[in-house]
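Below, in structure tokens: the form predicted on its own, a single chain.
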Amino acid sequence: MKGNGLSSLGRRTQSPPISWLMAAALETPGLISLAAGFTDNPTLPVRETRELLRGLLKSNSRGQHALQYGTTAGDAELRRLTAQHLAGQDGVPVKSRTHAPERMMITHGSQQLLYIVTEVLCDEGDIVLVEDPTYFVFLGILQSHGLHGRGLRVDRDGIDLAHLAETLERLKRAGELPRLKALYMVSHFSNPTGITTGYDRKAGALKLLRKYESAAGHPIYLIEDAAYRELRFAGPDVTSALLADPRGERVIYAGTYSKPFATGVRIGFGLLPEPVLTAALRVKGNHDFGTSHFLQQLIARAMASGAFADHLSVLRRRYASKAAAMGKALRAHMPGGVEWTEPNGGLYYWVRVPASVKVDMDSALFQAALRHKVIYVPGNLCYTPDRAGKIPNHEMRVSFGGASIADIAKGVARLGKALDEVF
């Protein structure tokens, strides 16, 4: 019998590398994971959630409402509170057109939003521009849909606008611009690099995309993944790209309550322009016809009561101390020639070793790290296979999110020993 009966998507889709890394951390006694982007376990809001649920289930009518189906778009009160929260972050009126709750969809984590948006925008063979490097799980979405990611250079302020202009012009000359559907960026404390894209870069990128729309023959959207925005512990906040799109036509904003409240809740959200919103709601209806109504009620009560804001203050202090602990450990244990980016938020450090040292899963360094019982995310996983030029193999992402402060120090020390072995 020929074939296995799977669709082209089913045959293409590969297991995410993070699945192996997470399993290794759980199955290997004594192994310290600096790989998975877990949040801080001791600060998960158990007490607050218990109180919120007690209030939610206090009366039969309230409990029955929470335990019933909701709508595909999401709970109206949670959408209103989320829109209000975003408007406050961006310094715009609550009733601003760009931040209207009517433009919002609640999802099972921001990951579902990214998947659905990709599904409604792209056909097999289409092109999506990404940061170089970028969030490797999103690269998995592109790969499974048969899409091509084209990398854009980044610096300390985000996407290099000159390189974006060059890339757009190159696509136009090659006749490929009609296949370009979107530019995807992780805008705040990026996964994996920890950098934040400045507002001027966002506005400049949107302006360039619109310049080439007539040649493309269709809108080119900017997808702003702001999953880590609330986890800022130093420096000022940077406003979203929504402000550069006052008519609400081209920016797709993805956010989440998983990182800033509780990862197990898996509630995300998006602000989408038409016709993307209508198409996304139709697809979501086929996925699940609505995110867990009960969990939405929990988050809505956390927002309305102030529990979310209070918890966020605790998290920011905690991550500031954990980031400082990792920075101290890196300075103490990394051999000469190793460099890293100091983040102002999020969960990650981006570490660069000399180019002569390889970091991939088959490398001598990764195997040495396993022997020393520590793992990291090899940076080569964060580059699109369609990248022009050789994929860098001397960078790694290390996370201070899930490990304790003691384990951060131990893990970085072990990583330093592994590096000493292969230098």
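Residue numbers here begin at 1 and follow the sequence given. These figures come from a predicted structure and were not determined experimentally.
Form predicted together with another copy of the chain: not shown, discussed below.
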Hey, with another copy of the chain in the predicted bound form, do T49, Y135 and R250 all fall inside the 4.5 Å heavy atom range? yes
Though only this chain appears here, would R371 touch another copy of the chain in the predicted bound form if you measure heavy atom gaps against 4.5 Å? no
Interface membership of A406, another copy of the chain in the predicted bound form, 4.5 Å heavy atom rule: no
Can any non-hydrogen atom of P93 be found within 4.5 angstroms of another copy of the chain in the predicted bound form? no
Using the partner position in the predicted bound form, report whether E342 sits within 4.5 Å of another copy of the chain, counting heavy atoms only. no
Listed range touching another copy of the chain, judged in the predicted bound form by heavy atoms within 4.5 Å, from 391-399, 377-385, 360-368, 49-57: 49-57
Among Y115, F308, W350, F233, which has any heavy atom within 4.5 Å of another copy of the chain in the predicted bound form? Y115
Residue within 4.5 Å of another copy of the chain in the predicted bound form by heavy atom, from G198, G327, G204, G285, is G285
Partner contacts for 129-145, taking another copy of the chain in the predicted bound form and a 4.5 Å heavy atom cut-off: Y135, V137, G140, I141, S144, H145
